[in-house]
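Shown here is one chain on its own, the form predicted on its own, set out as structure tokens.
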Amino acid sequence: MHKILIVEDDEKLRDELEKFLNNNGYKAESIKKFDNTIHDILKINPDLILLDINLPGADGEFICKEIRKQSNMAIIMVTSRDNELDELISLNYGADHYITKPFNIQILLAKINSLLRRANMSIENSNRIDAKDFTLDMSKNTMEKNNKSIELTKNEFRILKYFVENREKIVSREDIIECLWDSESFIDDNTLTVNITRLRNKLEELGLKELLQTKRGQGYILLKKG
């Protein structure tokens, strides 16, 4: 369930928004004290904030700017300032939307739904690596091709990811072991041989038998098919 934080000093509006959002599938909460707003927002770490501009202490535009330096959370400015300059400043500081009061609450809900849907798609895309001949899914530790998915162990996945990052370059066994050491997953030479054999078998299951080649005395190379 997505978490939405309401940063609004109008108590009546704040309570209405919180109740409405909780009734529409979100977990909504509010900030009621504004002496350390930026710290409180980052500590709560919501998926989206509804941020007023006219707040006690730091104004919403400054808060938006500072939050954006440290987080990619979605930000919707909800304010009574109905002028292009404030809208431009807010958008330049990193706000995703700018809505003026009074507003249609259903339109606000539609904008929230849209923003969070796009955020989910971005996260999903960031977890996937297009290796041309196949796809690596970092969230599932799988490699995929033509709707067929094969599960990899953590070490197999890290090794294959390292090959993808060094595509068409010869990678030595020492390089691979060092890569795994850096990822806090040490393996010895014999274990590496086992992992490479398993990777070859799994690539073959996807019809990519000749993709991973051995370069005698040098290491391995991941080719591009065709």
Partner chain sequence: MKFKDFIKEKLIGIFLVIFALATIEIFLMAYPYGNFIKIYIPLTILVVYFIGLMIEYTSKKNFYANLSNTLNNLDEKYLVTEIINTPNFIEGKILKSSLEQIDKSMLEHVNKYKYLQEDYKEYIELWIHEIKIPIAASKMVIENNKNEATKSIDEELNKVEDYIEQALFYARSNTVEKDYYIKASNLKDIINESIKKNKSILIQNKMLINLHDLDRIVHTDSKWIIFILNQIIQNSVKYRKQDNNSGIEIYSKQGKENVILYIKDNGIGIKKGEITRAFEKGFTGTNGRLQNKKSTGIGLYLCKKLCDKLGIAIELSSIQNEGTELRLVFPKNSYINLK
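What we label the rigid core is the largest C-alpha set whose atoms superpose within 1.5 Å from one form to the other. Bear in mind that the values here come from a model prediction, so they are computed numbers and not experimental data. Numbering follows the first chain given and starts at 1.
Below, we refer to the form predicted in complex with the partner chain, which is not included among the displayed structures.
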Here the chain is shown alone; which of Glu156, Asp96, Glu87, Glu144 has a heavy atom within 4.5 Å of the partner chain in the predicted complex?
-> Glu87
Residue (of Gln106, Asn72, Thr135, Ser139) lying close to the partner chain in the predicted complex, criterion heavy atoms within 4.5 Å = Gln106
Residue contact check: Ile177 to the partner chain in the predicted complex, 4.5 Å heavy atom | yes
Using the partner position in the predicted complex, report whether Asp130 sits within 4.5 Å of the partner chain, counting heavy atoms only.
-> no
Applying a 4.5 Å heavy atom distance criterion, does Glu16 contact the partner chain in the predicted complex?
-> yes
Would you check, heavy atoms only and a 4.5 Å threshold, whether Arg117 touches the partner chain in the predicted complex?
-> no
26 to 34, 196 to 204, 55 to 63, 169 to 177: which one contacts the partner chain in the predicted complex at 4.5 Å, heavy atom to heavy atom?
-> 169 to 177
Core-aligned CA displacement of Arg158 at least 2 Å between this form and the one not shown = yes
After superposition on the rigid core, does the Cα atom of Ser172 shift by at least 2 Å between this form and the one not shown?
-> yes
